[in-house]
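Single chain ahead, written as structure tokens, the form predicted alone.
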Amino acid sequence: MEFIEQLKQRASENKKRIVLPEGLEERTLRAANTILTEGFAEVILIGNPDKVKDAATNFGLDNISKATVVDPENHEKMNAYADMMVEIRKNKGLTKEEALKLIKNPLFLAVMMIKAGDADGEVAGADNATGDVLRPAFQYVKTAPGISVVSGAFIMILKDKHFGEDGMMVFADCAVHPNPTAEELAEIAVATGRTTRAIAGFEPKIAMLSFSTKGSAKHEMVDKVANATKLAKEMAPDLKIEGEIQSDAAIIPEIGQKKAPGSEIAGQANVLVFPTLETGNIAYKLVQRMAHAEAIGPVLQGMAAPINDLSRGCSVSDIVNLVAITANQAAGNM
């Protein structure tokens, strides 16, 4: 069974409510119809109900009637959500009048539904810029307890099954945070471990990558990774984490045992945490192109609830797949 089909199967066993704020966008509607047909998640569409119904009819989408449709201009929880917004942002001076205007914006409405417990996750970005999608999330959903930084992981599916977990690995951060501190890098490692369990479905063996293995080189950048490893182990003693370690020692058993003898992770890592965004982004793109690997993501991690951003050039299947990922994040409690 392919990875995405496995995700859908797992999601169908514990259906989550995923809100799609771009409820009138054609690809989003077609994706919602597919999701409802396959039955692996409950769908909440934000948009005028009559317009949603008309669009579904025009596109020949028979299962949109199974979705919950919320009108951003007129719904029963508008005042309650606005009050929540004022309470959360009172130190920023947000007024009830301003909140009542903001709550009519589908992107703000979506995150307030999550905050109130009326939805479990969100997928957006087919019709909105990344900043517009994430700003409400940062302001109202915020980051998970003990996590201060949001990062982006890629699920890498390799043709060579000797690497990772039968050819599957997780790379982070490849998408969000340019130059994390040791503390932030530790948080990224912990969040990536949780993502691996929730989405990839295997026990993470995390390698904190550097150009040094166990003190073989001296540099402040090496010190950062070594400190991050120590902090990550303290944050999540249930996770298997090794560092600092070079990439070849992380994934090649013979090299791993030579450079880090006795390590239970060296040579067997299935999660690679990169010291900076540039190294992570370069690495995943090289592996994707040169090893002809499939790169699924980025999966945003570190939020208090799963909120994922699409490319505006996304396909219908991209939206369907990201909803499956988001549903698994919600089921796995991040």
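Numbers follow the displayed sequence, beginning with 1. No experiment lies behind these values; they were computed from the predicted model shown.
Absent from the display: the form predicted in complex with a small molecule. The rest refers to it.
- Proximity to the small molecule in the model of the complex, taken as a non-hydrogen atom within 4.5 angstroms, holds for one residue of Arg89, Lys77, Lys214, Lys104, which is Arg89.
- Think of it this way: in the model of the complex, the small molecule has a heavy atom of just one of Lys240, Lys259, Lys230, His177 within 4.5 Å, and the residue is His177.
- Contact annotation: Ser148 falls within 4.5 Å of the small molecule in the model of the complex, judged by heavy atom distances.
- Interface residue remark: Phe171 is not counted as part of the site for the small molecule in the model of the complex, having no heavy atom within 4.5 Å.
- The small molecule in the model of the complex comes within 4.5 Å of no heavy atom belonging to Ser247.
- Within 4.5 Å of some heavy atom of the small molecule in the model of the complex lies at least one heavy atom of Gly131.
- Taken together, the three residues Arg135, Gln139 and Lys142 all come within 4.5 Å of the small molecule in the model of the complex, as judged by their closest heavy atom.
- Proximity to the small molecule in the model of the complex, taken as heavy atoms within 4.5 Å, picks out 276-284 from the listed stretches 26-34, 261-269, 45-53, 276-284.
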